[in-house]
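Given next are two forms of a protein chain, the same chain in both, each as structure tokens and marked structure 1 or structure 2.
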Structure 1
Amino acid sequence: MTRPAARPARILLADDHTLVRRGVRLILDSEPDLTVVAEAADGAEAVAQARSLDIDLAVLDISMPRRTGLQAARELARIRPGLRILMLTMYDNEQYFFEALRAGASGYVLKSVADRDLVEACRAALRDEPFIYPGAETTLVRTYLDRARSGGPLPDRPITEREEEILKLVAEGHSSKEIGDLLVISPKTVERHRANLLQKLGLRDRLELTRYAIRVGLIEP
């Protein structure tokens, strides 16, 4: 008796560039064991989709409007702890790599070589194995994950997750009222967070906050 084939892994794909999503979808849907069942254009939409859909893997761009892929990954790790997460990025940057691991991702794929690495990375993530773009040491990944799982000390973050959310939305040009509505907090609380950000980062105004947000990859220039 022939055993029925296992169903393909169901993937949520999030990227704010339609052409990128289309290309990545073509790569994934051409594989018999992978299928894209949902797409999102920003991190907030990705979280909403993951709440309501049966998915096995989320492939998230790091830089997206409203909520970055890293912010979305943190939320998904909280609300869907069994969900595998893979980061897709144009940045060959060690800081982003470690932030991705901290956020709960098991892999980090460069867009420039997605046609070569993405399928392998998806399969590794679904096996709960770490994946990193060639050139970095897998042992480094395993050491970091072991430290994180055992409660060992991790590198300090310069700002809190909430401050990061505020920073991103300020840099995108949202008013305090708009930010308050998006995050369900008062405009006064937004202003307090903004003042704390300026003080912590040694910056003077919205323009400098925006430059900082670009530098650390929260928004694209």
Structure 2
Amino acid sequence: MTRPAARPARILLADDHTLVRRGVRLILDSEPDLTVVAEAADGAEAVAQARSLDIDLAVLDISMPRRTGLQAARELARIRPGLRILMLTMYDNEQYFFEALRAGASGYVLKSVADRDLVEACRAALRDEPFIYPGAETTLVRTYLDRARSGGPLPDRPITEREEEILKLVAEGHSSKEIGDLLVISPKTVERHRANLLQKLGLRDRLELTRYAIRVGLIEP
């Protein structure tokens, strides 16, 4: 089906698990039109590789040390606009999915998919076609498409400095009163900020707030 490329697509592969890299490389390299030319064990290394090498596609794991796949994707989209990005992750999770798209990824593939699907996802990304991973919740896709169609910007309103300050403290487990004392404001104000955060981020409670803060690197587990 695929026309034999005069030059196979050059791929950068980033995953902190050597075994996974090895496996994925074996799978991709066995395709005539794909070749893995570089590997990285974390996000920072991936960005460095992409700076110095001529690559067409970056396959990024989300959870990596130093810089996450999402952070790396944002960076790569910034410094190498033409580069295709495919997120490869174990998280069948709506939040990650949207964040990946916003970070500039053109595809989102679960590690639980078959190797054929990975290959197809790579080819789709190289053609700049969006690839919805098999097994994607239909609601996931529908929600995204709906939002995109209605013109609603995804990151509606970014969180303010003050809110980020509150977010950090809430995620660290402090109560409204503790935070109020710390920042010398009323605990009710803290609750108001917290409520705004929940609304802006589309989260339910401070527990999800905590996981969010950890995910984006605001605090340590």
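By rigid core we mean the largest C-alpha set that fits within 1.5 Å across both forms. Note that the coordinates shown come from a computational prediction; the quantities given were computed from them, not determined experimentally. Structure 1 provides the reference sequence; residues are numbered from 1 along it.
- Each of the two structures shows the same chain on its own, and it is structure 1 that derives from the form predicted alone.
- Positional change of residue 181 between structure 1 and structure 2 reaches 2 Å or more at the C-alpha, relative to the superposed core.
- A displacement of less than 2 angstroms separates the C-alpha positions of residue 44 between structure 1 and structure 2, with the rigid core held in common.
- Comparing the forms between structure 1 and structure 2, the C-alpha position of residue 53 differs by less than 2 angstroms, with the core used for superposition.
- Superposed on the rigid core, the forms differ at residue 210: its CA is offset by 7.7 Å between structure 1 and structure 2.
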